[in-house]
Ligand SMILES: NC(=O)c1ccc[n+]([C@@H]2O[C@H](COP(=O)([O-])OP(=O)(O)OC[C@H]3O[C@@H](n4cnc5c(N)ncnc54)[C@H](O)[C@@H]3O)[C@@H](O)[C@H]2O)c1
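Here's a solo chain for you in structure tokens, the form predicted alone.
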């Protein structure tokens, strides 16, 4: 089969990871074009990755190169209009997190998917490392029993200088602080493992940074399967760590990493009476794949070849985005929020800060 024609929009730091991951897929894909408003940055990127077509705007790329798949590597505020243009042109789009600035924008793209022969997917690469795949398989097989308690911590550090970039730390361009732009990866994996959430109680604070958004949030989340989770998102934590813990009836499963995990970052502690069964199943599971972009990109290509929606689908992305909206809604209304309440009538449907932050 001919390689998939792929284009990259935005040629900053994350775009280099995309280009290198695509190159690792060999003949499955061909990078046919790139877009950036900065001509020097575009030229350097194009030369480094041997990109034949270089455009200053998305419209000309879509018209002239007709890519099968477009990777959006631009700041969050541009995701919705650029993704919409791709879908309208019939190109499937894979976007970096957060997928959009609001549930309303995401639903607009879902509607565009229905109208055009293309799909929308979000980069949530932590789903695709073999540690997470192994855990999901054990859950599906009933080896671990019911999920009971979970911890989801993204405790990172960003100095004030990080936020001095014009578009950072603003509701209108980033959609939120660490809840939206940083902890979203761990929160997405939490939802991928535990499924639909039902209610959240949260707080959000602007503790130390001179920004519009929060720099820390904390939440208690209830899930439809009965599990409960504690979630922390911080950009004030000097010793940085990403940590998820799942306590099941028959075992505790943990992963500690920073920006990506390997198999060695996972730990399983079985209950004594189930130790043999649990450990045997764990050791027999999938292995050898880190939670890197390449793992998800390979699955995206496989899905497009098969004519099926690529992961992570708009519906799966929406569940994670809805939880983020719920965290903000609970924090700013100072009351628990149920998932069912975040309809088009809610102020938090169109803007993550809703009627406004409390500071």
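Quick caveat: nothing in here was measured; it's all calculated off a predicted structure. Residue numbers count along the first chain shown, from 1.
Here the subject shifts to the form predicted in complex with this ligand, a form of this protein not shown in this document.
Student: Quick one: from 127, 134, 153, 168, grab the residue that has a heavy atom within 4.5 Å of this ligand in the predicted complex.
Tutor: Contact with this ligand in the predicted complex is made by 168 alone.
Student: State the residue from 186, 74, 92, 212 whose non-hydrogen atoms include one within 4.5 Å of this ligand in the predicted complex.
Tutor: Contact check passes for 74.
Student: Is residue 25 near this ligand? Define near as a heavy atom within 4.5 Å, in the predicted complex.
Tutor: It does not: once this ligand is placed as it appears in the predicted complex, residue 25 has no heavy atom within 4.5 Å of it.
Student: Check whether residue 324 has any heavy atom within 4.5 Å of a heavy atom of this ligand in the predicted complex, and answer yes or no.
Tutor: Heavy-atom contact with this ligand at 4.5 Å: absent for residue 324.
Student: According to a 4.5 angstroms non-hydrogen atom cut-off, is residue 97 in contact with this ligand in the predicted complex?
Tutor: Although this ligand is absent here, residue 97 would touch it in the predicted complex, with heavy atoms inside 4.5 Å.
Student: Is there a heavy atom of residue 335 lying 4.5 Å or less from a heavy atom of this ligand in the predicted complex?
Tutor: Residue 335: no, not in contact with this ligand in the predicted complex.
Student: Given the stretches 63-71, 302-310, 36-44, 316-324, which is the single one in contact with this ligand in the predicted complex, using a heavy atom cutoff of 4.5 Å?
Tutor: Selected range: 36-44.
Student: Select from 272-311 the residues with a non-hydrogen atom within 4.5 Å of this ligand in the predicted complex and write them out in sequence order.
Tutor: Heavy-atom contacts to this ligand in the predicted complex: only 293.
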